[in-house]
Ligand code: 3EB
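For reference, the chain that follows is the form predicted on its own, supplied as structure tokens.
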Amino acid sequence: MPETPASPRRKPLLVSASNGARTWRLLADRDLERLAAGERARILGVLRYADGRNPAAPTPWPICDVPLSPLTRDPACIVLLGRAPTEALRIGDLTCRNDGETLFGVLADPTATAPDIGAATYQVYRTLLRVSAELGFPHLSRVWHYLPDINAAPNGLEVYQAFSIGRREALDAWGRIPDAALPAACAIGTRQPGLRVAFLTTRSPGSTLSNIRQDEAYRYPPEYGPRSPAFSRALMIPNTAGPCLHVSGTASIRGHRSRHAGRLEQQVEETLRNLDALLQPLGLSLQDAGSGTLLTVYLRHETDLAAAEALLSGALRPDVQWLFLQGEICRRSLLVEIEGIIDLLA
């Protein structure tokens, strides 16, 4: 279970119950149109998780339509909300929405397959970085990646490693993001073709968090691929109404090595210890995270759902919300990965 932080604890994390404070909503697909008018006006965009056979209906907001099936509900949506009413900004064929401080957009290469994922990633990132800067939101804060067959090795190189090369080369060509300012991110495998990328960029830079139990991913040794993964463990997005913490995909990794291969319970507990350690610099722990916390839990095997849900129920406060999805994790030995959003209001 999560280790007790060694540093002094602040007062418990407070999350306002006010709809105006929340930066996300977790909804069933059918409930998206039922949001109150005030919240609808604040929608930045949507991450929609379904089986891929029924595409999302057109909306005024960018939608990242991800072919991953929720394990505990019908097609589900994570609705990202701005702190103020949002408006659309458009460059070429790409439409984004912003609230004046934060921009959300979606880029996809629907034909990308495992063999060409590196080149597809490079092109998507070049567009993402250029468009965000041109629209006045130059600081890349959060990225969700969904890749086809992430553990396959069609060219002798795993898809995740080829993806990491494409991302790193695009960032290097851009040359404006030092490693210490890399965004929070996750990368999950699907079983359908297509690269899907959703992103948040901001006018002002956020602040990254490190994890004392884990090496920085961008410093991983070459055994994990020719180019290290380019993301930070978490990033705090500044906001006048209170900061929002975006937590990267976190798994059973200590230092840079995977732990507890094939053992779900131990992997979940190791992952929770890592999340707990991530909050230590804030003087917080997972036990402080309440209704402002949304955890997206990716399970490699659907049959692990009941066990994983029981473990999380015993470790977290009951008002934490989570969404279970069946997805492939970046390392074959890993059975679970958790990422999420925590609204932090002092």
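In this text, residue numbers run from 1 along the sequence as written. None of these values were measured; they are calculated from a predicted model.
What comes next is about the form predicted together with 3-(2-carboxyethyl)benzoic acid (3EB), which is not displayed.
Judged by heavy atoms within 4.5 Å of 3-(2-carboxyethyl)benzoic acid (3EB) in the predicted complex, the contact stretch among the candidates 156 to 164, 196 to 204, 169 to 177, 89 to 97 is 156 to 164.
Interface residue among 275, 78, 186, 124 relative to 3-(2-carboxyethyl)benzoic acid (3EB) in the predicted complex, by the heavy atom within 4.5 Å criterion: 186. Residue 253 is the only one of 120, 209, 129, 253 with a heavy atom lying within 4.5 Å of 3-(2-carboxyethyl)benzoic acid (3EB) in the predicted complex. No member of the trio 25, 82 and 341 reaches 3-(2-carboxyethyl)benzoic acid (3EB) in the predicted complex with any non-hydrogen atom inside 4.5 Å. Within 4.5 Å of some heavy atom of 3-(2-carboxyethyl)benzoic acid (3EB) in the predicted complex lies at least one heavy atom of residue 145. In the predicted complex, no heavy atom of residue 104 sits within 4.5 Å of 3-(2-carboxyethyl)benzoic acid (3EB). The shortest heavy atom separation between residue 137 and 3-(2-carboxyethyl)benzoic acid (3EB) in the predicted complex exceeds 4.5 Å. Of the heavy atoms in residue 335, none are within 4.5 Å of 3-(2-carboxyethyl)benzoic acid (3EB) in the predicted complex.
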